[in-house]
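Given next, in structure tokens, is a single chain: the form predicted on its own.
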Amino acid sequence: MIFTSIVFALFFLIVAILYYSLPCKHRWILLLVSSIFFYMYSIPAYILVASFIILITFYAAIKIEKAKVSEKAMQFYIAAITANVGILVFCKYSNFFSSSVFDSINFARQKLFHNTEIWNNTLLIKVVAPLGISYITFQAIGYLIEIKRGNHYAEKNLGHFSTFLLFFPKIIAGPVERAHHFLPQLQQIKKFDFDKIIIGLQQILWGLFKKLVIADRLSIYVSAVLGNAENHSAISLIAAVIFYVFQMYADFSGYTDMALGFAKILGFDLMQNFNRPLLSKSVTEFWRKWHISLSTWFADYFYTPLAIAKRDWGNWSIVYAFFTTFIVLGFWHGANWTFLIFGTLQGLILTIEFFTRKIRKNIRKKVPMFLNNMAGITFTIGYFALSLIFFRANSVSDALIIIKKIFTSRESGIYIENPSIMLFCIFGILFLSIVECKKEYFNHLFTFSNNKYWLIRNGYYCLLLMIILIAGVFDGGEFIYFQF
């Protein structure tokens, strides 16, 4: 059940009507039941995995808080963390590890013993990770860490805690909520707020526009070119790679806009996940603005403890923390060497930017601000585009073929099978860029989405709706980040 489907629209309409029809103290029950139904809609058995995570985390947190002896608290803490990480690793990486072992054995047998017989991977069991398993476990781990640090009280209501982890607008692809931000909202009295509902609908409409008009239109060209890279020219590959940057952003931020909108209609405020990252002047700034809930989660619970643990290394502790964090972050995206390379590339550039920050600051003083900003934005998008080649490729060899063709191919011309597709792609990118630039640099000037005049404000949203109906791709499929 995806946000862009008619089924979900009917589901959410029913939930919203029932939600505001029930007494406030019982609404969380409806949210929990509807979230369980939403989660079980594709494969019902997956709720067993989620339930195990909920029960282990819930009871471990209470034991950690009640334990008078720190060693006892640590035992419960380690057991619960290990259980969460173990479930995540098993569901997402068991096939990868077993395949890697058998590939290594076969390679060694061929090279060392000249044995061409292939040993089949008898351990391969085709584990399919439950939807949102990463986001559920990350929120559970973050909750346990905060309990252990004494920054949050253990939730005593199992229903409230279950709703926190399973809340359907965020369960599949975030944001990665924090317990101290979400749980108190369950106890607040939420009256029917027309203004909040309007804001929520506006966010949903903008998210739909990003997904259906921009991301899914770009996907048609990107798939046609990058899916058959050996038959396309360098300029076509470059166009497809740049398009993929905007497709990724429009797809993922579009999902987040819709998630925040649905939550807003129900009276909940979720974390902002994007802050115009494609206007960042450095990769370091980019990662502060992209998937904010996940990047701050890694910063708080992974990067900072690593850097502090190795603080005796001086600046090299930062390098160590950068690389380790982004390699893990890359591997989190999937059990493939391409994701490890993607993470390594991020760690590399962040390290370079860290050691050259003073030099770049001096250069910025001598260069006009406009040129400096344009150079920084161009480099950031270009570098991110390069790393996304590995992110999207099925294998390292596929990614290297694309990179090689980009830098060595002498073929001319750009692939345009259908001119209308190219026009829609360019229109989508330009429209998104204008909206983002306006918000970033001229937010205090002319406004459409929040204009004080009813006609202008609603005319803008009617225009978005008309474009969605005319140019939207309604069979584009799932959001990209559903697979993670």
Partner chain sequence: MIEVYKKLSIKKGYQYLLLKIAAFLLLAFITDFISGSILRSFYFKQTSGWEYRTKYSIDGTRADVLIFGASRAQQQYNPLYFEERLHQSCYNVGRDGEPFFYYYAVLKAVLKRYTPKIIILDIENGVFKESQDSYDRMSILLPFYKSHPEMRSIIELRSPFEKLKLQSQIYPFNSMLFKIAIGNTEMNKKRNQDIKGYVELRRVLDEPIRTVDFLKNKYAIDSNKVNFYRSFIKDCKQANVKLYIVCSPYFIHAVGTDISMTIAKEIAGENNIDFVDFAKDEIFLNNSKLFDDTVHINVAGSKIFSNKLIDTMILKNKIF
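Numbering follows the first chain given and starts at 1. Just so we're clear, the structure is a prediction, and the values are computed from it rather than from any experiment.
Separately, the form predicted in complex with the partner chain exists; it is not shown, and the next lines address it.
*With heavy atoms only and a cut-off of 4.5 Å, decide whether Y453 touches the partner chain in the predicted complex.*
Residue-level check for Y453: yes, a contact with the partner chain.
_Contact with the partner chain in the predicted complex for N443, defined as at least one heavy atom pair within 4.5 Å: yes or no?_
N443: no contact with the partner chain in the predicted complex.
*Should I198 be counted as a contact of the partner chain in the predicted complex, where contact means heavy atoms within 4.5 Å?*
Although the partner chain is absent here, I198 would touch it in the predicted complex, with heavy atoms inside 4.5 Å.
*Is R457 one of the residues lying within 4.5 Å of the partner chain in the predicted complex, judged by heavy atom distances?*
So R457 counts as contacting the partner chain.
*asked:* Among the candidate stretches 134 to 142, 397 to 405, 189 to 197, 379 to 387, which one is within 4.5 Å of the partner chain in the predicted complex when only heavy atoms are counted?
replied: Among the candidates, contact is made by 189 to 197.
*Could you list the residues in 215 to 245 that come within 4.5 Å of the partner chain in the predicted complex, counting only heavy atoms and keeping sequence order?*
Only R217 sits within 4.5 Å of the partner.
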